[in-house]
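Below you will find one chain, with nothing else, as structure tokens; this is the form predicted alone, and questions on how it binds or moves follow later.
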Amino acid sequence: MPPLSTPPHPLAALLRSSARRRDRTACRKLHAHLLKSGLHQRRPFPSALLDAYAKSGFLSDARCLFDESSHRDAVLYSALLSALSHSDRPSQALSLFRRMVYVDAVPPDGFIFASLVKTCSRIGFLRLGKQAHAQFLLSSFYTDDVVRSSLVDMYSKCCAVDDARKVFDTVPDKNHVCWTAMVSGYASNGRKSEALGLFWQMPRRDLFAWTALIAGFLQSGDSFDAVKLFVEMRRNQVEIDDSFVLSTVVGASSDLAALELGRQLHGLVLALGYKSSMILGNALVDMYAKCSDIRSARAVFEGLVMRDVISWTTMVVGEAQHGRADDALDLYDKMVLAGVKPNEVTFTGLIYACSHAGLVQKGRELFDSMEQDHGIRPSLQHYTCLLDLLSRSGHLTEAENVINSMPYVPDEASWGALLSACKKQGDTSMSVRMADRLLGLKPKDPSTYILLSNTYAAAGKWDSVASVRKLMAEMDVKKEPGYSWIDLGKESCLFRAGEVPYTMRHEIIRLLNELANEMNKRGYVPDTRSVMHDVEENEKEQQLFMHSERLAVAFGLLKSIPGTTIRVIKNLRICLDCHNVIKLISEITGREIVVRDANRFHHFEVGKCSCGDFW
């Protein structure tokens, strides 16, 4: 008769249970009991205890337990490596691996190789991933399919998708994880046809596989096809028993600014019973905010049962982008009172809110409190927000002192923020000085060259304008054409400046002329300063008349249900004249008009804008 296997110790089962529940108190009590009973060094308790601490959020305790252990074998190393690879400090797993090999001389097994490869995957360290692959091939575990699946994932996430396919082809009996990793690799790297081809070859296409494909398309920037795939998945009657795919496709509707789609997905979330999901709630808050419906975003936020730092920060940033600085600051106060620690993004949103509301002193206080009160070192992005805040409010000298003394090398965004404000404040000499510094960086963003060209043109420095155009030609920088998009649910249309659909041309031009006559009665005078072409004044006015956002607003007035909000998306910054015109249109028609441009949201209502003309 074969010997009976030793039954698992009940304390080990309790440790695993506390790890699943992330129960820190239970971990400490069980640790104390093991110490008193003298079992703390007996297998399987060291690795089980370390794993419980790590999964409960006590990574430092897990590390101390590891360091104090008298016998650090492959099992213990595997437990800590796995914990570190899944933590917010995955790079520490690399130094631990070196210690394992060169200090304790512990040979890696399949679990350790898998943890190491996953770490390389998370931090995008392709060179080390290849070294791990080489060691794996030389080891006795070279046929381990779990490691090979991890290698497929690692190469895909490091943008070496052809190497991923080579590993994939070496696996004789591919499991579902391996298939899914390769499909995800193709999709996330923009290899659409290969991703779909492999996906339809899969032996089993479950929710996990569909989610990987949809998320991959979204990651590669193909939000439209991500949504189409979700619709296809629904047609295939795949049961949604996990909320992640829903949060993914809600994210796709955010990218597309497709409000009606987002509302339908919200209804599906409720119908499937995922109302209490915090991850989905956060995605819905973000979607409504990005789709210009800030009221619905706030309603979803207020209805969240549980809120984490992402919930609060998403709402703070949303309020800030919609010009509701007071609401953003009030939310921040409530967030701190609720005991939620703000992060770097929270402060970016707060300083941005102050910048676009002219709250200079409040912005300074928030910037200082980052490090003083919360231990967050300001990043270059925070300094750029501070520069924007100071310069927009006319504190140009202070802003220049900041950019010259900050602990980072100013980048294109930093100089651009300062230059834009100098130009708005009418400080020609400083504008030219900032433009010269910015031009020296040979910027990549086409809009930066437009700003430079306009700055030099306004200062009459035509030689510099020619230099900008020459540099654009040398670097093959092409100006992004402006367009505006309006979606009315069943009807949508994209407008480019000067281009009106033939079927609607007569109605749109007639309505714009009627509105122009009414605006003239109210004292409207076209502001042609944004038209930098050397043409007659009446031609400049005609160019403004045919700007894409005006065409989209006119289409919305003609086609939408009376009284409903008109929502327009513009890919570039709205010009000053169009901003004035749409304020007047909102007053004349009694309609709320929301324009999302490249910088922020503008809510036009009864002749006023939410930005307070401070954008």
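Just so it is clear, the model here is predicted, and its values are computed rather than measured. Quick note: we count residues from 1 along the sequence shown, nothing fancier.
FYI, the form predicted in complex with the DNA isn't displayed, but the following is about it.
- Although the partner is absent from the chain shown here, Asp153, Ser243 and Asn282 each have a heavy atom within 4.5 Å of the DNA in the predicted bound form.
- Here the chain stands alone, but in the predicted bound form its contact with the DNA, taken as any heavy atom within 4.5 Å, falls in 177-185 among 505-513, 396-404, 478-486, 177-185.
- Proximity to the DNA in the predicted bound form, defined as a heavy atom within 4.5 Å, singles out one entry of Ser420, Thr448, Asn189, Ser149, which is Ser149.
- Residue-level contacts in the predicted bound form: of Lys157, His266, His133, Arg392, one residue has a heavy atom within 4.5 Å of the DNA, and it is Lys157.
- Contact annotation: Ser429 falls outside 4.5 Å of the DNA in the predicted bound form, judged by heavy atom distances.
- Contact check for Phe545: every heavy atom lies farther than 4.5 Å from the DNA in the predicted bound form.
- Not displayed here, the DNA is approached by Thr248 to within 4.5 Å at the level of heavy atoms in the predicted bound form.
- By the criterion of a heavy atom within 4.5 Å, Asp73 is counted among the residues contacting the DNA in the predicted bound form.
- Residues are counted as partner-facing when one of their heavy atoms sits within 4.5 Å of the DNA in the predicted bound form; in 331-356 these are Asn343, Glu344, Val345, Thr348, in sequence order.
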